[in-house]
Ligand SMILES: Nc1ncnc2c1ncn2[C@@H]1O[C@H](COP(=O)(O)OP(=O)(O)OP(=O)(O)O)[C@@H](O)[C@H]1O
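Taking the form predicted on its own, here's one chain by itself in structure tokens.
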């Protein structure tokens, strides 16, 4: 996949903007707050129809504008690709691929793939389990888009099941029990399938993660990744039965893939609590590199790599190591502090006060 051009209309800080990207490394340079990340975010939006910064849809529309448009032209597997997305505050914007309107968001997945490195990636290691579950699920969908069905079905089932548990008032009436059995069966089917997919992914990721960590850290360490889901020993159905009273009392689903954890260790110690800041940063980068490699191996095409100001959070050694081990393919790099040693971009844009100038 090669992204060639990007057009923005009323997206974030830009009333209009147009950029042309190199097939290799393109650098976006400028002080903080000038709009570099907005460009990265626009590219990411065309891949997932969501902000990798976690921003709500209305925040993507320039203040005072009624809607925003992001349009990109590129090439995928030798064929031309045009993606156009209209963003509205109501969330009812239109998306077209090669001038064909998509009926569902899911139909866009796989048209454009991206891997994002951002300063807050440290939360993959230091943050709560939800960050690591999201990492696993996003990687699953990037390598096989049909797995998005499991993720969306799980969310829907949990919403309905939790609503029923809250409405029960802590009492297991015959009606509540009958309805719970229906939602339990659905949760078992979807939950076990998603957990199996996550566990298989981790087995594939683990050796790549170890190699990536050694490269980024500049030294060898035993890094391990384990899927922690105790309910899998007895099965999800039995586990749900064991916590029935507690779920009714608390009004929420207490067991399943939405509560599982990706345990990360370095030399046998939990990385979240025992690793140094440098080790945690190396591990966060290694997680992203490993996912990028696994997706590339699965799809045969490397995703576009978005490096959003990550060098401001890295020491010179780790910056050099990351650049030295960049995977093949197209990369967009943003920096507020200039280019780190080892960066040799084919294209440079300087961004100041919302103005984009080729350099």
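No experiment lies behind these values; they were computed from the predicted model shown. Residue numbers count along the first chain shown, from 1.
This next part talks about the form predicted together with the ligand, which is not shown.
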Original post:
Would residue 35 count as touching the ligand in the predicted bound form under a 4.5 Å heavy atom rule?
Top reply: yes
Original post:
For residue 31, is any heavy atom within 4.5 Å of the ligand in the predicted bound form, or not?
Top reply: yes
Original post:
Can residue 325 be called a contact residue for the ligand in the predicted bound form at 4.5 Å between heavy atoms?
Top reply: no
Subject >> Close approach of residue 61 to the ligand in the predicted bound form, 4.5 Å, heavy atom >> reply: yes
Subject >> Which of 66-74, 295-303, 313-321, 51-59 sits within 4.5 Å of the ligand in the predicted bound form, heavy atom basis >> reply: 51-59
